[in-house]
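Here you get one chain, nothing else, as structure tokens; it is the form predicted alone.
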């Protein structure tokens, strides 16, 4: 099992996602002889998981069943243990797109946090790219290193425990993109510019407050960055459901106004079922602003 390569069969040591329902999932590490308790009963790792195909339907001890899914960055984002506030797929998708990430890209990230964005970046830049991620908090950095090893992506990432605003990213003029998710990103712009390749390269800064955005954009201008823009992504999911709509009564086809009781009844009760989408009554609010910029090519 790897977060960047698909495996067909579950092996000991793999991380799998137990799907109990649309709003209920849990990650577990498969270990011989271990058991996992769910509301549908016990899952025995040796007999129920090891050797089974990813995507299999597993019957638990109480007779209920679950699906065992191969981990992906998207599934990990909604199941990971939160060490910090995280980025979700709505923002992550725009970040990977706007930074022009692709297989072979070299990316700098700060801070690592809970690793939500890190896993998405690694999946995008594999198999030949590399992620240099910086985390100020020592325990979070150690936990990130451990998770990358368990998820079999450690060969694609270097984790540094340091202050990016003081010590930078540890590389010079090799990165294709830089991502900043720190309280004062304007203090790291100098190091970000130094980490980016000599000509070109993209930068993204995530900030929850507009005052942070203003100071960051001013710093980007001072350091010669171009194509500076800021956007906010708000997700609005529409619910698809079946509704019954009455058919309009335009009167008899021959123009006669004389209708029998049976015809009138049929005309009144005629209806059709159709699919429609309705907007939600409530939507998720503001998460943060994404500021993008390009390093000059001259």
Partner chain sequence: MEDSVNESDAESTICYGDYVVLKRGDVFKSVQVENKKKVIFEKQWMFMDNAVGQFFGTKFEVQAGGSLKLKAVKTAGDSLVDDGRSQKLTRDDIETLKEQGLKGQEIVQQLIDNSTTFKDKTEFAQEKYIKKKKKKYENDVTILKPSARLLAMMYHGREPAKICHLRYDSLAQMLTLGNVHAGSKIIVFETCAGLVLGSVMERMGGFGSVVQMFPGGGPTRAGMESFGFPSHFHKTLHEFPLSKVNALLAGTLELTLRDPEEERKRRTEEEDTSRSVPNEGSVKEKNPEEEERMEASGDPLEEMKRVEREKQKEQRAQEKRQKMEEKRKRLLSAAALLQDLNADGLVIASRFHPCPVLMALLKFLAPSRPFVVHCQYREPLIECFTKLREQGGVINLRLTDSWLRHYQVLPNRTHPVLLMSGGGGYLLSGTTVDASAAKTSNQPQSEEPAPKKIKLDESSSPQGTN
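Just so we're clear, the structure is a prediction, and the values are computed from it rather than from any experiment. We call the rigid core the largest set of C-alpha positions that still match within 1.5 Å between the two forms. Positions refer to the first chain, counted from 1.
Omitted from view is the form predicted together with the partner chain, to which the following refers.
Engineer: Can any non-hydrogen atom of residue 209 be found within 4.5 angstroms of the partner chain in the model of the complex?
Structural biologist: So residue 209 does not count as contacting the partner chain.
Engineer: Would residue 106 count as touching the partner chain in the model of the complex under a 4.5 Å heavy atom rule?
Structural biologist: Close contact is absent here: in the model of the complex, residue 106 is far from the partner chain, nothing within 4.5 Å, heavy atoms only.
Engineer: May I ask you to check whether residue 39 falls inside a 4.5 Å heavy atom distance of the partner chain in the model of the complex?
Structural biologist: It does: once the partner chain is placed as it appears in the model of the complex, residue 39 has a heavy atom within 4.5 Å of it.
Engineer: Residue-level question: is residue 132 within 4.5 Å of the partner chain in the model of the complex, judged on heavy atoms?
Structural biologist: Heavy-atom contact with the partner chain at 4.5 Å: absent for residue 132.
Engineer: If contact means any heavy atom within 4.5 Å, which of 110-118, 154-162, 185-193, 211-219 contacts the partner chain in the model of the complex?
Structural biologist: Heavy-atom contact with the partner occurs in 211-219.
Engineer: Would you mind picking the one in 227, 142, 167, 150 that has a heavy atom within 4.5 Å of the partner chain in the model of the complex?
Structural biologist: When the partner chain is considered in the model of the complex, the option within 4.5 Å is 227.
Engineer: What residues, if any, in 270-284 have a non-hydrogen atom within 4.5 angstroms of the partner chain in the model of the complex?
Structural biologist: Read in sequence order, the residues that approach the partner chain (within 4.5 Å, in the model of the complex) are 275, 276, 277, 280, 282, 283, 284.
Engineer: On a core-based superposition, does residue 243 travel 2 Å or more at its Cα between the shown form and the other one?
Structural biologist: Where the cores coincide, residue 243 still shows a C-alpha shift between the shown form and the other one that is 2 Å or more.
Engineer: Hey, does residue 280 budge by 2 Å or more at the Cα between the shown form and the other one once the core is superposed?
Structural biologist: The answer is yes, as the C-alpha of residue 280 shifts between the shown form and the other one by 2 Å or more after core alignment.
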